[in-house]
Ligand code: NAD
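Okay, so here's just one chain, in structure tokens, the form predicted on its own.
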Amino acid sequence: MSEAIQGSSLSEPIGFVGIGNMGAPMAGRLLDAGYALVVFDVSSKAAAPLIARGARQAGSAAEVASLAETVLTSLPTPDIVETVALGEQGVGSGSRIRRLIELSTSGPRVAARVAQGLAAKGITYVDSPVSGGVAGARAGTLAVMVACERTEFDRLQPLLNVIGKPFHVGERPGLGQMMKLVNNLLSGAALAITSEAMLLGAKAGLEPDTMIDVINAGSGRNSASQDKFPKSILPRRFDAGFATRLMFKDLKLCLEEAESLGLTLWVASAVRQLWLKTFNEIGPNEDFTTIMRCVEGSTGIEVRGRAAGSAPTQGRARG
């Protein structure tokens, strides 16, 4: 059983809003650690497994924040983040909340506005996006990028340890978001360029599983070659658990921040264009590993591992 937040008790409820692909396993880990949990999601079906395990269901984000001093949110888009924080039925309307821990990726500017709006209500905003995917959320190995006062970070560390490894990246709201955008730029670039490299090798006649083994033993290894290709792309499952629209959203936010800082990121701009192509041609709600299908396009090549079976010919022209 985990330690409680410093100065509090495990019996005191923790709020959680947003029970999606990432939120559900994170909330589940809090239950596993012995925390009393009150939850809300716009889909009551999403929250049902947690309710069955003993979590209390609330009827709105505001109700969650009227039952818990500490509320965590895991939400898909910046506009939803802002609405859930500051809207009419948002956590800022709760009567008990003292701090909001925002686990979503919303961008530095939204983080600054939310922090300002909550501060006016006497609520502390903890900018705390996470990285590591659904597998990391289940295993409790997420990187948790926290921007808040150091004393608040120290107070929350036992709670955050339940979902991953927390890093204090600064005190200003938005620095956690900036760290996440930097991370996801590298993640998105790795998946994009590895897809192109694998297509090139397959077209030349190299066997995909062998390519991945060699890359991961050499200097080309990266998060895509080590995780997404062997687990999701080569088996042709495309089930990493993160939507293309979310990856594109993160890259869009990243390039907007670069522009606001007077920077031109040439490679990042090209990466964003490939993700936009995937968004438009494969679909925004498809798993982001389907960028491989976008890269394959009409080439007649399917980068296919042994685990996916033998038809069409592995890694070679179809037909």
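When you see a residue number, it is the position in the sequence shown, counting from 1. Just so we're clear, the structure is a prediction, and the values are computed from it rather than from any experiment.
This next part talks about the form predicted together with the ligand, which is not shown.
Every member of the trio 17, 75 and 133 reaches the ligand in the predicted bound form with some non-hydrogen atom inside 4.5 Å. Only one of 286, 257, 63, 41 comes within 4.5 Å of the ligand in the predicted bound form through a heavy atom, and that residue is 41.
This chain appears without its partner; in the predicted bound form, the one residue of 249, 99, 113, 155 with a heavy atom within 4.5 Å of the ligand is 249. Using a 4.5 angstroms threshold between heavy atoms, residue 220 stays clear of the ligand in the predicted bound form.
In the predicted bound form, the ligand lies within 4.5 Å of some heavy atom of residue 22. Proximity of residue 241 to the ligand in the predicted bound form falls within the 4.5 Å heavy atom cutoff. Not displayed here, the ligand is approached by residue 84 to within 4.5 Å at the level of heavy atoms in the predicted bound form.
With the ligand omitted here, the record of contacts in the predicted bound form names 102-110 of 192-200, 102-110, 164-172, 211-219, defined by a heavy atom within 4.5 Å.
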